[in-house]
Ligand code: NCD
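Presented below, as structure tokens, is a lone chain in the form predicted on its own.
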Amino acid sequence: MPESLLIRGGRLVDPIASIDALRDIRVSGIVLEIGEHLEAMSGEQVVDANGAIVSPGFIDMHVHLREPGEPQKERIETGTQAALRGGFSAIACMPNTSPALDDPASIESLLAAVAQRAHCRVYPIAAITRRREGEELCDLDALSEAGAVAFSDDGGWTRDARVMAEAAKAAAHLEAPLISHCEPEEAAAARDLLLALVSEKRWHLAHLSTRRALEMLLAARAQGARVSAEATPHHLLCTQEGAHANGTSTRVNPPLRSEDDARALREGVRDGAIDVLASDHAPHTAEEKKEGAPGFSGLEVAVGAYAAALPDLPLSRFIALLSANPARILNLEGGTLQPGRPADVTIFRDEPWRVDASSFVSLGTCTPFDGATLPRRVVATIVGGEVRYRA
């Protein structure tokens, strides 16, 4: 266990523990104690959080690390460093790799690489079908046993409803949810929401982008479906009008929508319809973006972009969307700073900063927020009691 660390003088906000107050917190590998005016012990490292917000470590449950197979786009080292800069002590990585994360050996190999090279916690999301082709169901039990925290075919959306029904049945006894990457969004969302309702399996809808999809989500929940959903920074703030002006650099799946759709998503975050804020970090090379590759690098700007989109969102709700809720959906230990829990901490301030994509540590430097001034920035990220990033 690492030496203890005292985080002093910050506003501690922990929705699960119902704390929102000026508190000091002492951590090691786990949270040791929370109190007022804690005295530093001899030789103890002290982090001055005066004027900052101290929260449970943020978790991004939708990240493309590009390993194995596409090191020109991202590597475990660069992707997890980008996560730390963005305030994320943990990320969940998608299975659209080459080869896909579709068997226990691939999960084990990834986790071995993570243990050697990652700078934050990484949780793998496994494929639903072999090679993500939507035909042959993977061994979901074996994948879960190997360490997968959820299942998704990601952009290779499973088009055959019978296969998805089989997946729901095969995963019925597993805590790990099924994640839908809905393309075309509204038709796919309608089908998977119906499957979630009939099967009673926990389900998660990735990157909602339309008002209609959000309305269908609420209707399914009202009938008893166990379904959660996420929104991305670009779908909350950017619109198709800007996309038309900026060409291939703004291409993403699902595409940017209308201002009415973005407004509906913001309303859904405020009223609780949307459970999670997730970046959908999808880095590409500059040449690939010129050729129209869909996706942006999002980890390093996400927290500021969320705050820009939702300036009136209460801090407790903001933090729950980024910590407690993804931890609950993926059955992770994080999401709270109660004593005895993992010492994963994010420290941030409400102060403006200008995005300079050329300074990203991610290998992908395309973002619709390049040059924008965002109102919230991360100043430190702590993983397991160790300061892994400090601005």
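Residues carry their position along the shown sequence, with the first being 1. Predicted model, so just to flag it, every value in this text is computed and none were measured.
Here the subject shifts to the form predicted together with this ligand, a form of this protein not shown in this document.
Student: Of 109, 199, 253, 239, which one comes within 4.5 Å of this ligand in the model of the complex, counting heavy atoms only?
Tutor: Residue within 4.5 Å of the partner: 253.
Student: Taking 4.5 Å between heavy atoms as the contact cutoff, choose which of 147, 155, 134, 99 touches this ligand in the model of the complex.
Tutor: For this set of options, the contacting one is 155.
Student: At 4.5 angstroms, heavy atoms only, are 66, 280 and 295 all close to this ligand in the model of the complex?
Tutor: Yes: each residue has a heavy atom within 4.5 Å of the partner.
Student: Pick from 307 to 315, 258 to 266, 209 to 217, 287 to 295: which stretch has a heavy atom within 4.5 Å of this ligand in the model of the complex?
Tutor: That would be 287 to 295.
Student: Residue-level question: is residue 160 within 4.5 Å of this ligand in the model of the complex, judged on heavy atoms?
Tutor: Because no heavy atom of residue 160 falls inside 4.5 Å of this ligand in the model of the complex, the answer is no.
Student: Is there any non-hydrogen atom of residue 121 lying within 4.5 Å of this ligand in the model of the complex?
Tutor: No, residue 121 is distant from the partner.
Student: Does any heavy atom of residue 183 come within 4.5 Å of a heavy atom of this ligand in the model of the complex?
Tutor: Residue 183: contacts this ligand in the model of the complex.
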